[in-house]
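Here you get one chain, nothing else, as structure tokens; it is the form predicted on its own.
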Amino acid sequence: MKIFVCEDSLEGIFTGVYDAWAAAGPHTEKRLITGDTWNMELFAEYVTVLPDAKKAEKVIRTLKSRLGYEAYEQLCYAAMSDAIDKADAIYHTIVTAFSMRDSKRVFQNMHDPAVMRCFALGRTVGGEATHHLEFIRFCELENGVLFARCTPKNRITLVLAEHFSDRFPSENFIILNATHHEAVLHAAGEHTYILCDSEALLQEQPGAYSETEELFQDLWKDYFEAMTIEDRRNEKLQRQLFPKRYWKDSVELKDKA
């Protein structure tokens, strides 16, 4: 067995796909893993894969051409998962797709274990991303920058970045992913954003709230409490619609988290 150890990023995984495909031997004797949370196996050859933008770009072009954009997007969502087997599932899904007469129908091939796993990972990531697009809260700092903090289970930072860059193109904003220690920085009027390490933001607050922000937070809390109908209070349903793990990053419920 030849095991390719990739960086836990889209570029790293697609570079691993490129190197694994180019390596000698059948695909059944190759595996991809990410990060450093794995145990060494006996009689296995380990190959360290360094991220390569050119290799990753070749894989991306091929996937979009052969599989179509929807299937490519599904693979990207799977790559954002925190599951330890995601890279291998992605690789063997691609292998299955290229063996089919119509590669664009790969995610209809649910009897294949890799395809089924990749689909499940992508669906989980997509669901969490949708929740964060609904629940994420921005606050205005004293310098006018909008700031949001989130703690997702999966690495959905890029999904949030693309959505809010399109939604707030004229705003300076920061989205901090505290779970994965990364942040999105967006400058007003720009169509692009920067994804960077967030250790500095985790160590200290990015800045004090503006006076307007503190006022509106107080108003929102008062409104939230005033609209509560005690006879209809249903905390179990509330947790189903607004899971408790999101509370610490919300204005109205962080004191109860």
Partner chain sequence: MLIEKDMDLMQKLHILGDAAKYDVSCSSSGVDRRGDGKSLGNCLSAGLCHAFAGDGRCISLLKILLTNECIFNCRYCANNCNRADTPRATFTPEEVCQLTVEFYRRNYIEGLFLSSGIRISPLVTMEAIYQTVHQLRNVHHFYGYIHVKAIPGAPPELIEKTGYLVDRMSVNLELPTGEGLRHLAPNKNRKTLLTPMRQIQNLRQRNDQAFLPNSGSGQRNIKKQEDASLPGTLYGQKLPARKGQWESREKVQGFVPAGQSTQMIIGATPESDYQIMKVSEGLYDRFQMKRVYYSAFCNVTEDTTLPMPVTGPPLLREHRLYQADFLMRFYQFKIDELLSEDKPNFNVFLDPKCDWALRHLEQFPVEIMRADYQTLLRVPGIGVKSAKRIVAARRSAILDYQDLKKMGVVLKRALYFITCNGRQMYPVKVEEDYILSNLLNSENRAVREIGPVYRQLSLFDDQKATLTEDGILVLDA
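Residue numbers count along the first chain shown, from 1. Quick caveat, the model's predicted, so the values are computed rather than measured. Basically, rigid core = biggest C-alpha set you can superpose within 1.5 Å across the two forms.
If you look for the form predicted together with its partner chain, you will not find it shown, but the lines that follow are about it.
Asks: Is Phe164 one of the residues lying within 4.5 Å of its partner chain in the predicted bound form, judged by heavy atom distances?
Replies: Answer yes; at least one heavy atom of Phe164 falls within 4.5 Å of its partner chain in the predicted bound form.
Asks: State yes or no: in the predicted bound form, is some non-hydrogen atom of Asp82 no more than 4.5 angstroms from a non-hydrogen atom of its partner chain?
Replies: So Asp82 does not count as contacting its partner chain.
Asks: Check whether Phe98 has any heavy atom within 4.5 Å of a heavy atom of its partner chain in the predicted bound form, and answer yes or no.
Replies: Although its partner chain is absent here, Phe98 would stay clear of it in the predicted bound form, with no heavy atoms inside 4.5 Å.
Asks: Does any heavy atom of Asn109 come within 4.5 Å of a heavy atom of its partner chain in the predicted bound form?
Replies: Looking in the predicted bound form, residue contacts with its partner chain include Asn109, since a heavy atom lies within 4.5 Å.
Asks: Work out which of the listed stretches, 176-184, 150-158, 115-123, 85-93, brings a heavy atom within 4.5 angstroms of its partner chain in the predicted bound form.
Replies: In short, 115-123.
Asks: Going through 83-99 from first to last, which residues have a non-hydrogen atom within 4.5 Å of its partner chain in the predicted bound form?
Replies: Counting only heavy atoms within 4.5 Å of its partner chain in the predicted bound form, no residue of 83-99 makes contact.
Asks: Core-aligned, is the CA shift for Arg233 between this form and the one not shown 2 angstroms or more?
Replies: Shift of 2 Å or more: yes.
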